[in-house]
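Two versions of one and the same chain are coming, encoded as structure tokens; call them structure 1 and structure 2.
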Structure 1
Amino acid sequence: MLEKLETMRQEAENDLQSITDLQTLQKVKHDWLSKAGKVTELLKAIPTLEPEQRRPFGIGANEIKTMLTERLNALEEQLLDSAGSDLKLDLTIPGFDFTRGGLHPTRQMRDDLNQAFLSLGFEIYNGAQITTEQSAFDNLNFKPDHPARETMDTYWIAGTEQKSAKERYCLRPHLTGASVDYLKEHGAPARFVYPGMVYRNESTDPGHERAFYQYEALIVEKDFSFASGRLLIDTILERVFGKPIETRMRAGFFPFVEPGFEIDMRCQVCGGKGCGVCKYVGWIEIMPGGVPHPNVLLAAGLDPMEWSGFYINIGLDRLVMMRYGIDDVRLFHSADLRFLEQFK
């Protein structure tokens, strides 16, 4: 019987040699190792043998089984390895496009800033877009007939344009009026940002729009020093430009702040040496800011001798234009997908 083992071993070896592809391999595997395969047959024969032959025969049969299993596994791996390389693909063809759809670039900027301010514990506020002369001007220390009112040409609502104060309605020309409303409602201390669209009755060109996005941030705290207001400025600019940006605060006049500042940033084009972008001064005017005017705090029902704070207001459209090098602000409201799809 042991000769039979030897014959079978030889036969197995021949079958292994005959394997050229996965198909023949599967056949050999089936012939030898399946439930009805030759190895099983050999093992089944063991009980019919003479007792003293059973053990050596068993060992021999198992050796064949192990040899076959190992060689077949090795061969299979080898064949699988080489099988892949037969496929001919043009791998320069682009991958599946998952990128359709996107958010408006101004909104993306807003969301970035919101995230930064949320991490500082600021609330996000949404005010009404239709407001009154009282809220937009009177409460903000714009004296009646003050020339400063003229710098914000306002869209008055038809039928109310001849009235005054709280009966004269408009599309909000800025966000600050509603900030006072927020303070009235929530009291102090307060920390909030207020992003939103504002509207001015202006003629448009690549640098001017009638509808634009502003971002306002306000802190009201007890005895807040104006120099601490830098926190708001730095938070915004670092988020926008991805690195700390040098800024300066210089004298500026806005009726609702005292002291009021124009805030300039180092020109990122020339690094401050002077270039056409910064009109050769090395600084670019980026936003107004300041300490809420005592009359504004009073309008919000707060004692100006107790409360102080800092306010900034930044035009998001301009920041987005700087970030991407966009040269026409009117594109933001164009709904032109050829423009918008560039920012997805």
Structure 2
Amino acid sequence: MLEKLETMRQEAENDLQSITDLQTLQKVKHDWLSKAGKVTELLKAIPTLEPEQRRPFGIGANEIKTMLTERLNALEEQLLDSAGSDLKLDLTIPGFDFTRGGLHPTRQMRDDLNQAFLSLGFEIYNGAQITTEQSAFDNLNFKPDHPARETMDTYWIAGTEQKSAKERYCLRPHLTGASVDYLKEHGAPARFVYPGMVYRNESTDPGHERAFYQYEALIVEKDFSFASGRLLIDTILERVFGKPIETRMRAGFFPFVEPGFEIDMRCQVCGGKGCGVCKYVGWIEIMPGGVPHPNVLLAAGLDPMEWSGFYINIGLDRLVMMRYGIDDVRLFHSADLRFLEQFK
């Protein structure tokens, strides 16, 4: 068998001497070092030998393998170097312009709000984008015949239409349902924010989209004044815009707060003069707000006679429109790089 090793060594040397190009090199490498190659066959033969022959045969086979590997690698480097020696470089040709990415303007606004709320002791919470009828409506004091439950407003998941509220699924139409989920899990007192995308089955226009971002904030404490909530709104807007922002609060009905308010800010696109974004009234609604409804607190397992608080749900895309003077919310999800490159 040792004579066979010497014959194989000489055969390997002859094959190495025959290499003149990369194609031949790859063939020799496959013939000798692949899983079905000659070296592999040599190594597989070791267990069939007599015990006293196995060690010297194994050493010899591995020496052939090492020799082939080193010589083939060296030859490959030489052939690659010589193949590139004829290349002519024209250093006057302009180089390639690498495209630099950037954060989406809505993401930038979300990060700014996160920093503002974190500085005030809030926690950032995340939840699922698919929710149930119970979480999105029942826990939030929506009546069984409320129009928001209809398919004309909410995207329901096919196949769950006839199931119970706990098993009837939809794309989350708002973030507020997660408030109850959070309170059930963490209890009170609580201060948290909850950013994310929501989905509404509605007609689009410069101020409305079917898929858009909200940013919810909730405080639940035993003694939290409504005036403190108003101060919270003004403080956050001033942090985001870098200047005091004129706001107003109008009485409004929302099933999950009592009392409830529509919270508007002076339109920053037109400066309050009136435009298509603010529907020519000078003000734009950016969030509902108010005190959590007693039924919502009960759904979260809290005593409404003991706990109260303050809730707001910011239309994040609309806030970005105010920051940059954008007059059409549909531009955010258009994937138009000409629009997005302005915010790098």
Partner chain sequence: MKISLNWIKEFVDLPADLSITQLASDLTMRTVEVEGYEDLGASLDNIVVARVEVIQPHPQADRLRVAKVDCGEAELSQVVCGGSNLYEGQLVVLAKPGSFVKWHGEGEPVEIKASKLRGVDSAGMICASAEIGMEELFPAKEEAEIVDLQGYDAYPGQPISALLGRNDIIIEVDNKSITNRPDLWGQYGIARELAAIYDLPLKPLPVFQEILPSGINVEIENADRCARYAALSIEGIQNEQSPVWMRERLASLDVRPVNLMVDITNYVMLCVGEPTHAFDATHVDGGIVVRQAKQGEKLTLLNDEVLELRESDLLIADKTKALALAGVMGGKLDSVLDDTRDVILEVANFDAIGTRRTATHFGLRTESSSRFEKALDTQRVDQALGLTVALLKELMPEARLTGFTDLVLKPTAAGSVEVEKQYLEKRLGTELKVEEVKALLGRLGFDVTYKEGVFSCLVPSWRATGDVSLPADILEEIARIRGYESFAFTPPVVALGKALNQPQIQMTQHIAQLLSQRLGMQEVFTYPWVEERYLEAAGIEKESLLKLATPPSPEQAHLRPSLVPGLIEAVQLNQHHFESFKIFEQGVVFFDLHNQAQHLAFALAGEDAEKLLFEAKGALQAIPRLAMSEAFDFVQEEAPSWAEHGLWLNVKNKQGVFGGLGVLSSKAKRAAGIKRLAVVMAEINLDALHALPSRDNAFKSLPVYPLVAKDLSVILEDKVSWAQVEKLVGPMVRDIAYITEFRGGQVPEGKRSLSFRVWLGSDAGTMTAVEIDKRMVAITRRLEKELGGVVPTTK
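C-alpha atoms forming the largest set that superposes within 1.5 Å between two forms make up the rigid core. Numbers given to residues start at 1 and step along the sequence of structure 1. Source: prediction; values computed, not measured.
- Here the chain taken from the form predicted on its own appears as structure 2, while structure 1 comes from elsewhere.
- A movement of the C-alpha atom of L43 reaching 2 angstroms or beyond is seen between structures 1 and 2 when the two forms are aligned on their rigid core.
- Relative to the superposed rigid core, the position of the CA of G272 differs between structures 1 and 2 by 2 Å or more.
- After superposing the rigid core, the Cα of R250 is displaced by 2 Å or more between structures 1 and 2.
- The shift recorded for the CA atom of A61 between structures 1 and 2 is 76.3 Å, with superposition on the rigid core.
- Once the two forms are overlaid on the core, I284 shows a Cα shift of 3.9 Å between structures 1 and 2.
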